[in-house]
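Given next are two forms of a protein chain, the same chain in both, each as structure tokens and marked structure 1 or structure 2.
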Structure 1
């Protein structure tokens, strides 16, 4: 199956959140991570997306994330105070990055791996975001995996011609390497883009009539509970 960033098929789960709730959680987590220094709040902020991953049956990524995060916390708590000099800088860079960034990344992963494109567009429309922002954003999310796939194919083809990072060519002439990778990627992406716009015009994306969306989104009991938890934590973060 093709890998997708925003899913086109609905996930089979009992615990479904409204995309707007997910966005709000993401916002709260990002803001409080930037300013946060209290470990309990950080832990709670990391626990929310991990919990969401587990109940959505993304067991494997959830386990990896939990492991990496626990490791980062342990290093941060016990190893950082006892090291000095260049070693300290190195450890802090790795563990601090993981420690700070991971809750946001996990939440982002959860957001894009459990939301369908229709849900995303429907919720944006409910928030009265103009079409001029919604369409490019939807296209952009649609294109991230496509670009990755193309880049992988190009890199395979180039390796066959012994043009690669491993064969030492990169250090001889980095600009040429850039050219060999980037230009084919741009060529194929532009072509795919033209096809995509033709396809979406055929489906009436540019029509003057307001488009309807059969996707049902709405707030449920789980949205309310999670929002209350997140907002309480956020208030705690501001007060403390």
Structure 2
């Protein structure tokens, strides 16, 4: 068996977090930001997932997300107060969505892209979460990355047939363009759902016998430091 199958994609990095710490961070970040935290609390909360992307060598998405979030903050702080009418509503809507939702999405991306399904299941079992909750979450955990891979494959196939945004096909016939991309993706979604459900049963999920797991999970000094920072910031959010 290849060792890579059993290891997390972040196993080669020196900053490896336990899946339970990632879940706690995502919960705290979303509660703080959607709870109407002040700007300084929001910036601290947004800095956590961006920092995690950088230290795990996901430089390209980290740079894009940092740029987009910085623009959203600048627009929200400086452009919104000086605009009026429909333009103001549009800017508030777009910048507000980026401003409030991006940190949670970035943390979710980090969680899914750096945690294997086996590690996720092991962490859930350590927390004594019922199997009825673990199984659907494990299937969903693998579902979104698989859909992303399928969408990229469909996009590559359409590009080879010169059916793409760059070739101008979208402007010539947008309905046909959506059909070529959307219908195969919907069919693949149904098929992938069935395959992942069958794969989870094949791996023993939901069986009467307790599964064994060789994944190495556990808390390290990095988990403690980030937890202290997040909890301290969350207490500041509650008090301020």
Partner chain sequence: MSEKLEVQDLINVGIFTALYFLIMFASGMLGFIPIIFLFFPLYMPIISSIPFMLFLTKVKKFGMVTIMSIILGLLMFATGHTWVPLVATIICGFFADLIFKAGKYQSFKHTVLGYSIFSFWLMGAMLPLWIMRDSYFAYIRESMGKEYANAIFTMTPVWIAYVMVGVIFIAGIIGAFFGKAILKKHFKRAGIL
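Numbering follows the first chain given and starts at 1. These figures come from a predicted structure and were not determined experimentally. Here, rigid core means the biggest group of C-alpha atoms that superpose within 1.5 Å across both forms.
Each structure shows the same chain on its own, and structure 1 is the form predicted in complex with the partner chain. Superposed on the core, the two forms barely differ at residue 128: its CA moves less than 2 Å between structure 1 and structure 2. In a rigid-core overlay of the protein, residue 199 has its C-alpha displaced by at least 2 Å between structure 1 and structure 2. Residue 95: CA moves less than 2 Å between structure 1 and structure 2 after rigid-core fitting. Fit the two forms on the rigid core and the C-alpha of residue 144 turns out 2.9 Å off between structure 1 and structure 2. Superposing the two forms on their core, we find that the Cα atom of residue 155 is displaced by 8.8 Å between structure 1 and structure 2.
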